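The chain below stands alone and is given as structure tokens, in the form predicted alone.
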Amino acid sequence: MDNSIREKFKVLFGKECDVYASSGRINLIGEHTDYNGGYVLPGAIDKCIMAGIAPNGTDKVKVFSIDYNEYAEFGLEEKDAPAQQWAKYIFGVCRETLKRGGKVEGFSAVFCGNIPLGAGLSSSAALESTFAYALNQIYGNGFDLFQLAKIGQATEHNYCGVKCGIMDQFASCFGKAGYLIRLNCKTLEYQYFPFSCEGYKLVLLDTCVKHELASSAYNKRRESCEKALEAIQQRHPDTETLSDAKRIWLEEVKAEIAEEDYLRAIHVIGEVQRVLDLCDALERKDFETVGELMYQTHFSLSRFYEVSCEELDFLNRVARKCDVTGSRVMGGGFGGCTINLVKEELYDQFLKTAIDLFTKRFGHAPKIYEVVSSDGARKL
């Protein structure tokens, strides 16, 4: 990608450029805990967005997307928002940088990526982080990685209509090859945990389905968590988030809340502990425990949080039958991918079995994405 970006930039703009990149991400465990003030455990992966960028001496941003084969040009005032959705991410990063007192002037850019779209690997966060990091370097704004992650998050909120948490941009900015990052979504404290995975491979199986009720169901689950928290706070007023609650406190209010609110809270409270237990297992290089906790998370997401679907549950069962060490739905659910931790000697047979059985059952093959831990935002 690096060479093709440099060549395209030279053709379009007649000069050399610097090239920057930022990675997509996986989340090994810690699902639907972010908006409940809990822990997540993401890491950057070897799929990225890459951009060649250079100042152009004008007051305009001129950008070409290789993947979309489209050109966009826009100014830096609020009224200058571009029409293309992909360009709004770049415009938003410029605007959020300026709002924070940073410098941005006209620049030219060419970008492309190899992050599979729609697979839950956060290509949009990688795009935001690439440009936020690059503009910070080019104009010497001095923002730290936390501020760059928040610029990306604010871009989603204010220019792309997505009220996301901080995890995706955080992982894209802070990622480090060979490590996962445990992030406390309430305090934003974080810690790196080694994830070298000798003898194992990490692979995503994409169901290629996305069920329509995803966004409304997501909002309903957030409301359920809020109701469970409110009931617990009546007895334990110092409880700031559902992730702070103890299971015994949830049992105290079980009769006072709807069963579905109770089940959602069971998942969140249990998931917080699973993240902590999995981090302990990583430090011991105990991958069997890591894998079992992944299976427990899938069960909880399927039965208690009810965000799985027939295709995801099917792949999870196939993984168990093939002695895969760990498997679970990754992301918001209702479609998308399972993430699987597989011993190298079982890898080829597992993929063959999963593809054959899934195709026979659903009429199409799952897409396969092998991923490796990587660095986050960087200059190449």
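Only a predicted model underlies this, so the values are computations on that prediction, with no experimental measurement involved. A residue's number is simply how far along the shown sequence it sits, counting from 1.
Although not depicted, the form predicted together with a small molecule is the subject of the following passage.
> Among 309, 72, 266, 166, which has any heavy atom within 4.5 Å of the small molecule in the predicted bound form?
Flagged contact: 166.
> Answer yes if any heavy atom of residue 347 is within 4.5 Å of a heavy atom of the small molecule in the predicted bound form; otherwise answer no.
Output for residue 347 is no: heavy atoms all beyond 4.5 Å of the small molecule.
> Could you tell me if residue 32 has a non-hydrogen atom within 4.5 Å of the small molecule in the predicted bound form?
Yes - in the predicted bound form, heavy atoms of residue 32 and the small molecule come within 4.5 Å of each other.
> Check whether residue 139 has any heavy atom within 4.5 Å of a heavy atom of the small molecule in the predicted bound form, and answer yes or no.
Residue 139: no contact with the small molecule in the predicted bound form.
> Can any non-hydrogen atom of residue 335 be found within 4.5 angstroms of the small molecule in the predicted bound form?
Residue 335: no contact with the small molecule in the predicted bound form.
> In the predicted bound form, do 25, 218 and 331 all put a heavy atom within 4.5 Å of the small molecule?
Yes, all three are in contact.
> Which is the contacting stretch out of 248-256, 175-183, 158-166, 96-104, given heavy atoms within 4.5 Å of the small molecule in the predicted bound form?
Partner-contacting stretch among the options: 158-166.
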